[in-house]
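You are given structure tokens for the same protein chain in two forms, set apart as structure 1 and structure 2.
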Structure 1
């Protein structure tokens, strides 16, 4: 398959760009893979096994451990809404409601694949609550209007 071959090639590139092929490079490699494909697909893990000697199943264990890595596809941009104590005091439930309304079910990419959203633990932006992240960058304070705009643009 062409897509599969291109994923494999990209993963090899990512690994080659690291200072070594030891297992200690794994987390950084996975961040790059996630960034490139919005998830870590199995073929990427196969390539990691071949190049770095990390068993496919170990990579699966690692990917499912960390919130920022997924084995299921996310949108090209991910909106993460903090639901922890301070943000909750400042109305994060309204953000979540807006997301459910305009972006659909949590974790599911929009029809064009451009965006998905998820709730998350404290982002360390409590001074700007309610906080969110868009594409890995802080978006705080976030408003329901912003979430809806994101939805209107992407779905």
Structure 2
């Protein structure tokens, strides 16, 4: 219950820092919530409904639609590997294989919680394929060697 109360309090702070409590602020609020908790927990969605009037189902519709948001716990740093057509044709499957070898199963935080990895849709870096993001920073073109080095630093 204490954790739940602290999540609710932090969500209220995030919402209060925005210029308004309307639905137009939802995506920014969700990004800040995820930054604070490495995911968008159910209790956060409930507090968003209470404070902004956006139903939990709508909030989770946004969370599950956008690849950069998640309702599942992640590592503090997330490696996102683009798997759109262009990146796939330029070797993103090799990046995925390197991530599996060095970071473990997709979506699972490392033992110390420092990093996790996931596949995602287009990152907007098609001209530099294959692309990835590490902690929100673009990596393009990305190499399997870089992915393995990232894994070595975080395990």
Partner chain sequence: MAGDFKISVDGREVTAHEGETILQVLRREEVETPTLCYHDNLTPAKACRACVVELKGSRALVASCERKAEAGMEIQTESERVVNARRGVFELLLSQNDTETAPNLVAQAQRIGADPEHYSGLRYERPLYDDNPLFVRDYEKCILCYRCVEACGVDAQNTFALTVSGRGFEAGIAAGWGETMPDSACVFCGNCVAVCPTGAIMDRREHQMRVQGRYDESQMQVTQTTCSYCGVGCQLELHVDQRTNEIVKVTSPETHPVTFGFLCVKGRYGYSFTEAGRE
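Each form is matched to the other, and the largest set of C-alpha atoms that superpose within 1.5 Å is called the rigid core. Note that the coordinates shown come from a computational prediction; the quantities given were computed from them, not determined experimentally. Positions refer to the first chain, counted from 1.
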| property | result |
| --- | --- |
| Which of the two shown structures is the form predicted together with the partner chain | 1 |
| Identified hinge, 74, 22, 35, 121, relative rotation of rigid parts between structure 1 and structure 2 | 74 |
| Turn angle in ° for the smaller rigid piece between structure 1 and structure 2 | 15 |
| Per-residue C-alpha deviation between structure 1 and structure 2 [residue 90; rigid core superposition; Å] | 5.6 |
